[in-house]
Structures are given as C-alpha cells and as structure tokens.
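First, one chain by itself: the form predicted on its own, in structure tokens.
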Amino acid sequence: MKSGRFWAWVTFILGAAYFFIPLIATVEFSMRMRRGTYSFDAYKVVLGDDRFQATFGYSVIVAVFTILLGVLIVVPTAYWIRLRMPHLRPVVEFITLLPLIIPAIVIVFGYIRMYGSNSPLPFLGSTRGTDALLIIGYAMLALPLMYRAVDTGLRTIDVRTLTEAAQILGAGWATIIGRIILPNVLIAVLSGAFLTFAIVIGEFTMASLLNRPAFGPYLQNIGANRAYEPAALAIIAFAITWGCMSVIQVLSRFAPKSANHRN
C-alpha cells in the first residue's frame, strides 16, 4: 500500500511538472519584452491591438452560432436515436467520427469547389454566405465531441420514462426536448459547447482558406512575425480555457438532477 501511494505521488508530481513547467516558462518569457525587467508590455500590446479585438470578437460570434447549430442538430438526434432507434447508434457514431478522419483542408477545398464562384450555388460570393459555410464547417468539426458529450449525458437519465410522463401530461416533442430533456443534459451540452468553443477559437485551416478574419489566422500571423506577443496570446488563451471550465463547474452545481439521481 505504501509503495503504491509513493508511486502515485511520483506520477502526480511528474504530470504536474510536465504541465506547469512549460506554462511557467511561457509566462516568464512573455514578461521579458522590456529589457532588464519584467513587465506586462506584451499583454498591453496584444490587448490593445485592433486586429486582436476584431478577430477574437469575430471568432466568439462564430463560436456562439456554431454551438447553437450543434445543439439544434445533436440533441434531437441523440435523443431520438436513444429513444426510438438504438439499433442505428453504431451507424450514427461512425458518421460522427468522419470529421476526425477527413482532414479539414479536404473539407474546405470541397466547399470551395462546391460553393465557389463557378458553382451553381455560389455562396462564397457573399460575406454572409462564407460566414454560414464557416459555421457549418466548424459544427461538423465539433460534431464528434458534441455528440459524445450529449450521448453520455443522455445515458445518465431515463429518457423513456421522462418522455412517457411528458406525453401523458400532453407535452409535444418540442416541449419534451426543450423543457425536459435539455435541462437534464445541460452539463453535457455545456461540455460539448466548451469543446466547440475551443475548436473554433484555435482553428486555422478553414478560416484561412475561406479568407475570414478569425482568431486562428491572427494567431498564426502574429506568431510568425513577433517574439513575445505569441507567448502572451498563449497565456490569454489558456486563461480563457480555464475560465470556461470554471464556469462549467459552477453551473454543474446548480444543474437539475435527473430522475435516476433523485431516486
């Protein structure tokens, strides 16, 4: 027992060191922009950059619409598969894995060929059309993570009993999904939303080839031309990520418990 505890602590310390040492080194390097002293000049330059504000704001808006689209597609689909067609789950799981197999550059070139200026559906000819294609592409990239998060949440509740009880009370399908199923899998949806947000904020290929002013291309551009600002951006992105995780943990305390848990 003592030996197992010792090696558990050794593993924990090595894992913590592997995680925190590069983070501390990045923080230290980001504060060396002013020679001879530590300062937050790199952070001031980044946060005061108009391109940072514009690209980050654009990516946040795209992330919100991507999350909404993902929820509208995944929650009803996962619910219906679990309730009525469980035999199709392997097929749906395989389909949701395809975005992990097909590279993003292949997908975006398919977009350009299908919806470019020479196609019958020239969506890329307008700014709003290109934004819509980018949102759809991001929703597809996040599909494996969103679907599995929601499916895991649905496994923790008795979907059939909740549905039958709601139908006895006269609820329609929209009411069942929106007011009964969704609140019970809220934390799973938030987890999928957080992962989707992380994908959208850091994605480069689609935004770059579709020529959209997103945060990913800005990160690549500033990383190729600056020294200290990329380190500051990495720390800012890390803080945003952990902030989202903290929000999920706080919201999980107030999430409604499922019927299984209450019983």
Partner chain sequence: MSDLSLTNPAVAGKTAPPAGARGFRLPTQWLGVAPFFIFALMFLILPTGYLIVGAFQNDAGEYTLENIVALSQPSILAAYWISIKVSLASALIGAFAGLAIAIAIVRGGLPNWVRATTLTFSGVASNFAGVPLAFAFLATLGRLGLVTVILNTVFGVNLYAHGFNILSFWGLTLTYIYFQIPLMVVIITPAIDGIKREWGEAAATLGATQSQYWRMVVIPVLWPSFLGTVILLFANAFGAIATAYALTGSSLNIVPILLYAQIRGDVLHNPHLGYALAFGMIFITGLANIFYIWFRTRSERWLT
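Remember, it's a predicted structure, so these values are computed and weren't measured experimentally. Residue numbers count along the first chain shown, from 1.
This next part talks about the form predicted in complex with its partner chain, which is not shown.
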4.5 Å heavy atom contact, Gln220 to its partner chain in the model of the complex: yes
is_contact(Lys44, its partner chain) in the model of the complex, heavy atom dist at most 4.5 Å: no
4.5 Å heavy atom contact, Val62 and its partner chain in the model of the complex: no
Contact test in the model of the complex: Leu143 vs its partner chain, heavy atoms, 4.5 Å: yes
Contacting member of Thr77, Thr130, Thr163, Asn184, with respect to its partner chain in the model of the complex [4.5 Å, heavy atom]: Thr77
Contact set, 195-209 vs its partner chain in the model of the complex - heavy atom within 4.5 angstroms: Leu195, Ile199, Phe204, Thr205, Ser208, Leu209
